[in-house]
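Take a look at this single chain in structure tokens; it is the form predicted alone.
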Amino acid sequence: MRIGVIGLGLIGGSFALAIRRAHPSAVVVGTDRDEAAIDAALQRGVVDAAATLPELGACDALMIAVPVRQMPELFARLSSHLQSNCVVTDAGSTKGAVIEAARTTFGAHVAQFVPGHPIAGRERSGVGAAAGELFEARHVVLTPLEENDPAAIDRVEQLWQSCGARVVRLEAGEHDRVFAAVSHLPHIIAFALVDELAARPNARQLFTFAASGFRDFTRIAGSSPDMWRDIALDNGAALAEECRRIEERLAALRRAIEARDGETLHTAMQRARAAREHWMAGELAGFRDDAA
């Protein structure tokens, strides 16, 4: 089995390491726009060899782990090199724009493209942060296309399962709405809070006294700005709606603070704490699920 990886950062590098661990006889090859990343991946043993696009298009399976705004150009360059045996998947955090680009550029080869999204990450990026255990017991969402051969979907699913992941399937639009709320919005809030405090005249004082609560809340503001800019723009409609909703929720809490309405504040906080405790315990039966 020959596996290709385009984008040797945290996700692509971790996927390569997980595949090498699960399939010791597999040959894993890869490339990256950054020559230093390729060199680091080779030195760490993340991949067996660097590869060109024609070589990657001839692999049995190909993972594309680049920022979503790079994918249309990459798909266009890759399309003429895809062999019929190569199943392609991606790790993009948005799916609607990625699928549109794939349909535009891959032509008949689009049936070989099974969109995916591993729900795993760290605040550190780059191949130096890659870890073969990153996907263990983590969800990977596949958003199959109507053009996909079931065998192609199964092959991608089996690869992720061999990495220790729990694979689920969603429709692409539903995926983008869900992750706008639970992933993209938290990142925007974390970036906004750190940026706001850093811009104040007393920023040094503020950061001097910031402690564990601030550190934990803002951890994801250490994520890649390039990647999260692209995600925000590609999922703009859904993310803008989530921003509007949280602005309304914050405005309601601000009004309660201004009115010294402790009961409203306590009720909201108690409701939020209970919801988080149920989520942390895996007790989801009590949550509404109108999509079920």
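Residues carry their position along the shown sequence, with the first being 1. Everything numeric in this text was worked out from a predicted model, so none of it was measured.
Quick note: we don't show the form predicted together with a further copy of the same chain, though the next part is all about it.
- Comment: 242-250 is the region of 49-57, 36-44, 23-31, 242-250 lying near a further copy of the same chain in the model of the complex, near meaning a non-hydrogen atom within 4.5 Å.
- Only one of A76, V182, A151, A108 lies close to a further copy of the same chain in the model of the complex, with a heavy atom inside 4.5 Å, and it is V182.
- Only one of P186, P72, G126, G164 lies close to a further copy of the same chain in the model of the complex, with a heavy atom inside 4.5 Å, and it is P186.
- When contacts are defined as a non-hydrogen atom within 4.5 Å, all of F191, A199 and S212 contact a further copy of the same chain in the model of the complex.
- Shown alone here, Q83 lies farther than 4.5 Å from a further copy of the same chain in the model of the complex, counting heavy atoms only.
- Looking at A137, you'd find every heavy atom of it more than 4.5 angstroms from a further copy of the same chain in the model of the complex.
- Of the heavy atoms in T208, some are within 4.5 Å of a further copy of the same chain in the model of the complex.
- Put simply, E100 is far from a further copy of the same chain in the model of the complex: not one heavy atom of it is within 4.5 Å.
- Residues of 245-275 that come within 4.5 Å of a further copy of the same chain in the model of the complex, judged by any heavy atom, are R245, I246, E247, R249, L250, A251, L253, R254, I257, E258, R260, D261, G262, L265, H266, A268, M269, Q270, R271, A272, R273, A275 in sequence order.
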